[in-house]
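Starting off, we have a lone chain in the form predicted alone, written out as structure tokens.
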């Protein structure tokens, strides 16, 4: 499946970016494939999935509406995530590349590695996006932030079409000046202070830049990644001493919510805590983080 005419890589990249943005992407970039292959561990490199891959395209879609940041956490648990929109865009983009350029492409699976466990992804979409220059590491765990669009969700496409790579962001927007001021006063940034399970910590240097970032993924996952809670509930029910205890384990009010989310396919089953981003000035107040403001700017 190869084209018969020579493809201009720069022109092809421009068409790909235009298509992705038409489908809802706010930012699109091409990561340095050699850098990904060098950084990612064996088994989790693009070539482990697509042996003849030539380019890794990363795209980001906007996060919540501006109004979402003001709702209670229990409401945001149901509609806070927009990640499926990113995946849909990437899925369409892989077909666009094949149809337009007659070159094999795939939508990069955003899923966990069934051999490595539920906290290890097949591919690091975060690494792709960071190297493609569409996000930078924040003090809030594994979340990438963009100086213009703030909080986004990312997806990737692998293709055998060779495209010119972009560079990572020259400046990291995190920490914001107000976060540096707070750190100087109390030793924590807003994301650290308001994390419900205190899974975030770090250090800001004298120049106001990230010096260290620590993220307790296990503590975060135990509260937010509810797919891990489901087997724990079932195990507790199986180990119950009698029927009454088994009923309590299965029909506890909190556990009933798990069954509800599973039955309706709620995205809230995957992640439900946004408190670090709710208090992040970059996530909520970056120049184009607000969809209302973006519409006025014509984005």
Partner chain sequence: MTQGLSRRQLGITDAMIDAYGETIFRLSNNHQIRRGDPVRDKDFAAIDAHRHELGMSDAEIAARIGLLSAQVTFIRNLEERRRFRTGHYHMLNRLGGGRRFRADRMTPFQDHFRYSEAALGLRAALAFDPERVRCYVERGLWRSDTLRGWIERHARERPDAPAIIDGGRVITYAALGRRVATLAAGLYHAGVRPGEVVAVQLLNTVEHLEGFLALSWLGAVMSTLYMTFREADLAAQLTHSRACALIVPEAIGEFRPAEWALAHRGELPHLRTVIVVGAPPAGAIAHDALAAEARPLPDDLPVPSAADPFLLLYTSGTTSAPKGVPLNSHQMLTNARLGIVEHDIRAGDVVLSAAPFGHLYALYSVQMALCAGAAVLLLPRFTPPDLVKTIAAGRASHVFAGPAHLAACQAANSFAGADLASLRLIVLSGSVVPPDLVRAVGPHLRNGTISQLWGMTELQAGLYTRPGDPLERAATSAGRASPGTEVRIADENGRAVPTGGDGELQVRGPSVFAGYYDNPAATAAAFAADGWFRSGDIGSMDSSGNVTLSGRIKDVINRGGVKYNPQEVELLIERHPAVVQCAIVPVADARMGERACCFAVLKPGAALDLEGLCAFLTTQGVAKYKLPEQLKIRAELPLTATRKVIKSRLAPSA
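Numbering follows the first chain given and starts at 1. Everything numeric here is computed off the predicted structure, so don't read it as measured data.
The same protein has a further form, the form predicted together with its partner chain, not shown here; the description that follows concerns it.
Asks: If you check 163, 176, 204, 131 against its partner chain in the predicted complex, which one has a heavy atom within 4.5 Å?
Replies: Going through each option in turn, the one that passes is 131.
Asks: Counting any non-hydrogen atom inside 4.5 Å, which residue from 180, 106, 197, 122 sits next to its partner chain in the predicted complex?
Replies: Among 180, 106, 197, 122, a heavy atom within 4.5 Å of its partner chain in the predicted complex occurs only for 197.
Asks: 98 to 106, 146 to 154, 164 to 172, 85 to 93: which one contacts its partner chain in the predicted complex at 4.5 Å, heavy atom to heavy atom?
Replies: Selected stretch: 164 to 172.
Asks: Hey, with its partner chain in the predicted complex, do 71, 217 and 273 all fall inside the 4.5 Å heavy atom range?
Replies: Yes: each residue has a heavy atom within 4.5 Å of the partner.
Asks: Classify residue 232 as contacting or not contacting its partner chain in the predicted complex by the rule of any non-hydrogen atom within 4.5 angstroms, answering yes or no.
Replies: Close contact exists here: in the predicted complex, residue 232 approaches its partner chain to within 4.5 Å, heavy atoms only.
Asks: Using 4.5 Å between non-hydrogen atoms, is residue 32 touching its partner chain in the predicted complex?
Replies: Output for residue 32 is yes: heavy atoms within 4.5 Å of its partner chain.
Asks: Does any heavy atom of residue 52 come within 4.5 Å of a heavy atom of its partner chain in the predicted complex?
Replies: Result no; residue 52 lies far from its partner chain in the predicted complex.
Asks: Indicate whether its partner chain has at least one heavy atom within 4.5 Å of a heavy atom of residue 237 in the predicted complex.
Replies: Heavy-atom contact with its partner chain at 4.5 Å: absent for residue 237.
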